[in-house]
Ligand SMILES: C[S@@+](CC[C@H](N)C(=O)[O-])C[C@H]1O[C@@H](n2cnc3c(N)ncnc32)[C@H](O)[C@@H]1O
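This document starts with one chain, in the form predicted on its own, laid out as structure tokens.
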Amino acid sequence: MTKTIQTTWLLYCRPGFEADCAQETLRQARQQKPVIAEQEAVQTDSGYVTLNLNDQTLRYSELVFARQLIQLQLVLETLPERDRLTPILEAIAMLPGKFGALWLEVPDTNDGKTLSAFTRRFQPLLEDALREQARLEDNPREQRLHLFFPDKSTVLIGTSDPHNSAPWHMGMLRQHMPSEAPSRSTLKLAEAIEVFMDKSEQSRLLRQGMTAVDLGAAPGGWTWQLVKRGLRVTAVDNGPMKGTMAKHPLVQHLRQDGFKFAPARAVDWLVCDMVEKPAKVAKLIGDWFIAGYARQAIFNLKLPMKQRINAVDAALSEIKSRLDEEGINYRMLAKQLYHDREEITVFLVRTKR
């Protein structure tokens, strides 16, 4: 008789997207085998979900709405206010192995922010104790230990695989707003570059002298990210470019409709952050890649208020099916980034056969 191993997963997400995060995660799990029926109700605007599965292996890189993927080990409730350290250390003692990092985390909510001062004070106490026990060492190859505090009296204790999770605290890669950039949208492209490409790929795909088209460029936040890396950018938008992007020698501003523009010759990059339905943007991206106008692209898909999973599926499937029909080899990754709001960001690159 085969015994079913039950696993509980803790996933962080953007507040308000808990149902989307749970839905896509369960769908990925069901592709392997039936999911355990009993699931806790999703807490709207909590910034996290917990899911009970069989022994399915979740793939973090293929989850659009999940910021972090943690295997939940223990839950401690009603922690004593005067001594939280002792019961937490006793619980951690039950877990096998060593840990390469210790992350104390809170929900990305207003209530969660009030807990951050507590976790900063508590972190060194727990770190010192675990190092004395030889349970914690600075080793990026070892599993990480996560202590997630939805409130001061409750802690969810879990572990993450460094090769199947986000490498950032709370699963969030925060970017600092450059004073020279003309808009905060610049943070979205800066984050996308770091999330989707490692340093070697950035060096190879974002080289000085390369060319790019920025559709819906105004006021120039995404163009600024490309120009600072030495790319020549054709900025397409009926609106004005602002700040240094208005007259930069590497920028050619064309006052045209981004959906009607076609380059005279192929470029290395297409970036696009236009406010339009996902289906329309997906068709545009497909047109560009089939025509051979660009080899790489980063673009945003603005999501509807309802049926967000369906909108994402339809848009990405539209691109995949068209490129597959044309025999184009590619790699495509999609994530709702920390600096995204009601949207997701997609990275698409042609690959060799």
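Each residue number is its position in the shown sequence, starting from 1. The structure presented is a predicted model; accordingly, all values stated were derived computationally and were not measured.
The same protein also exists as the form predicted together with the named molecule; that form is not shown, yet it is the one meant from here on.
Decide whether Ser165 counts as a contact residue for the named molecule in the predicted bound form under a heavy atom distance cut-off of 4.5 Å.
Ser165: no, not in contact with the named molecule in the predicted bound form.
I'd like to check something about Ala218: if you look in the predicted bound form, is any of its heavy atoms closer than or equal to 4.5 Å to a heavy atom of the named molecule?
So Ala218 counts as contacting the named molecule.
For Val227, is any heavy atom within 4.5 Å of the named molecule in the predicted bound form, or not?
Flag for Val227 set to no.
So in the predicted bound form, does any heavy atom of Phe118 sit within 4.5 Å of the named molecule?
Residue-level check for Phe118: no, no contact with the named molecule.
Pick from 143 to 151, 192 to 200, 267 to 275, 97 to 105: which stretch has a heavy atom within 4.5 Å of the named molecule in the predicted bound form?
Single hit among the candidates: 267 to 275.
Of these, Thr159, Ser183, Gln175, Thr234, which has a heavy atom no more than 4.5 Å from the named molecule in the predicted bound form?
Residue within 4.5 Å of the partner: Ser183.
Among the candidate residues Thr244, Gln256, Thr109, Gln123, which is the single one with a non-hydrogen atom no more than 4.5 Å from the named molecule in the predicted bound form?
Only one listed residue qualifies here, and that residue is Gln256.
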